Structures are given as C-alpha cells and as structure tokens.
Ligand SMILES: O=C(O)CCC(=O)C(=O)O
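Encoded as structure tokens, the following chain is the form predicted alone, with no partner shown.
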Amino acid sequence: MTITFERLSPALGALVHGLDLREPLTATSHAALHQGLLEHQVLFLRDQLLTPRQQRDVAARFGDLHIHPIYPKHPEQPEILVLDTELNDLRDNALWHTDVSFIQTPPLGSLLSARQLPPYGGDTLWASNSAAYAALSAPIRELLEGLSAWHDLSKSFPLERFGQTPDALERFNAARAANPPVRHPLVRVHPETGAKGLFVSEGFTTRIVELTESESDALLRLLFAHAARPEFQVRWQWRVGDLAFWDNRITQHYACDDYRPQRRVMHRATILGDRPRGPREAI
C-alpha cells in the first residue's frame, strides 16, 4: 500500500496514510517515514496501538533511545517513558518545550502513543521553530544567530515538586548531578535539512549567556511569546491508539492540562540526536 501524507496546517503536521507500524518497517517504509518527518516536522498515525516492545523497535530504527532520569519507565521496556497522571505530576508538560534539551545531545525525535484518554480535553499542540524563526525581522535573526543560552533540567523539574519523598529526592539529586545545565545556540541549524530554527523554549531555557540578566529576560519573553503564535501551530485531538512522531530538533510542543481529575496515560519513546550547532558553527 502506498504511504501518503495529508498536510494538516501551513506550518507543520501531516496525517500518515497507508502505514501500519505494528508490522516491521521495511527499508522503503522507513525511508518514506523519515522523509515525511523532515518535510512535515510532526506526523500523526491513527489506529496504531503498539505494544511497548513494538514502539521501542520502531523508534530504535531511527537511533539510540534515551532513558529519562526522572519520569517512570515501563516495567517491560525501560526505553518507554510512562506519562500517567495518576503516577506523575505532569504540569511541566503544560508549557511550550522541546524534549530533554537539558542534555548535550538533545533528542532527534519522539514517538508518543495514546493509551488511555479522558472523554474530552488533553490535546497536544506542536509549533514549528523554523516557521517562527523565518517570521522574525532580519535584524533580530542576525542578533540571535550570535547568541547562546543555558538549558536546565530544574526549570521544568523543580525540587519542590520532584523531591518530596526520600526516593524522589534521591532520584532528583542523581538526575541533577548527571545533567548539569548545558549551553546551546539560540538558533539551530537542522543537521539534515539545513533549515534554521529557534532553539529556545519556556520549558528549559533559563538565560541567554551573552546578555545581562534584564536583557536576557526581555528577549526570552519576546521569543517565548513569538514562538507560540497560532500560525506556527498544529493541534491534535487524541484517540486511543494514535501515535505522534515529531522532529524534536525543529519543533516544540504543549500538552494541555485541562482534563483533571480525569486520567490520561501516554507512552513515549525518545530518540537521541546530535549536539545542536548554530549558523556560525555550521558554515
């Protein structure tokens, strides 16, 4: 069956037809999925209720997998992160963020599987960082290309929410020690397409290195608001069995926390990437 991509918004997002990920990826289907990801930045597939092993195997075709230092893992597949509102405080997902940008080689992408959903609410939004960058004025783009910023795990995983029990505190301290703040360029060149995109998010970016504190705060507020403009977004209303696959190098996302006290359970496989490079490094 031919694999096709149905575009969902001008900036990013496509619905994939003709692919069943419960079957092993062939070389042809892998290449098509990879090319679709590069073109559309986030892909959605309906009726893909994969086992944790199947989800891990699909993700592993694209690279080595990350194991999250704080969130719980699936008992059968440690590479599968479990996002369950009965187990986790997920308020850190209800803001714009690029996954795990607090490490030296942030993820290439993620595969997110919907396992249990509330009857309404719980949508996820994605935004294109390349569309956001392109919409900035030329002087601002030139300024940003010479700047870098700190990304810190503790901004989205603060001690007061993730260190409240002895076990949680031990896990938090180990995660913090293993993941000190890292410095990344504000503008990232996509390693495969060459596209430029903002690499800054409310979730983990704390300070622009080259600016004063007040200058950094003002510019980050501008960039956070700019990157979240509706014209750069696509919004997905989940059904059980849906799978989203996004390019973490050129997008950010926001998980709506509007369904409490109902339960939401998602499984995520996270594919490691490379060290972000800025435009001046990439020349």
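Please read these numbers as outputs of a predicted model, since none were measured by experiment. The first residue of the sequence shown is number 1, and the count goes up from there.
We do not show the form predicted together with the ligand, though everything after this point is about it.
(request) Quick one: from S156, S130, T124, Q77, grab the residue that has a heavy atom within 4.5 Å of the ligand in the predicted complex. (result) Exactly one residue meets the criterion: T124.
(request) Report whether the minimum heavy atom distance between W246 and the ligand in the predicted complex is within 4.5 Å. (result) Output for W246 is yes: heavy atoms within 4.5 Å of the ligand.
(request) Would you please decide whether A255 lies within 4.5 angstroms of the ligand in the predicted complex, comparing each non-hydrogen atom pair? (result) Taking the distances in the predicted complex, the answer for A255 is yes, it comes within 4.5 Å of the ligand.
(message) Within 4.5 Å, heavy atoms only: does L112 come near the ligand in the predicted complex?
(response) So L112 counts as contacting the ligand.
(request) Would you check, heavy atoms only and a 4.5 Å threshold, whether L19 touches the ligand in the predicted complex? (result) The answer is no: L19 has no heavy atom within 4.5 Å of the ligand.
(request) Name the stretch: of 166-174, 189-197, 146-154, 90-98, exactly one has residues whose heavy atoms fall within 4.5 Å of the ligand in the predicted complex. (result) Every other range fails; the passing one is 90-98.
(request) Check, residue by residue, if H30, H40 and F44 all come within 4.5 Å of the ligand in the predicted complex, counting heavy atoms only. (result) The answer is no; none of H30, H40 and F44 reaches the ligand.
(request) Taking only heavy atoms into account, state which residues of 247-272 are within 4.5 Å of the ligand in the predicted complex, ordered by sequence. (result) Read in sequence order, the residues that approach the ligand (within 4.5 Å, in the predicted complex) are H253, A255, R264, M266, R268.
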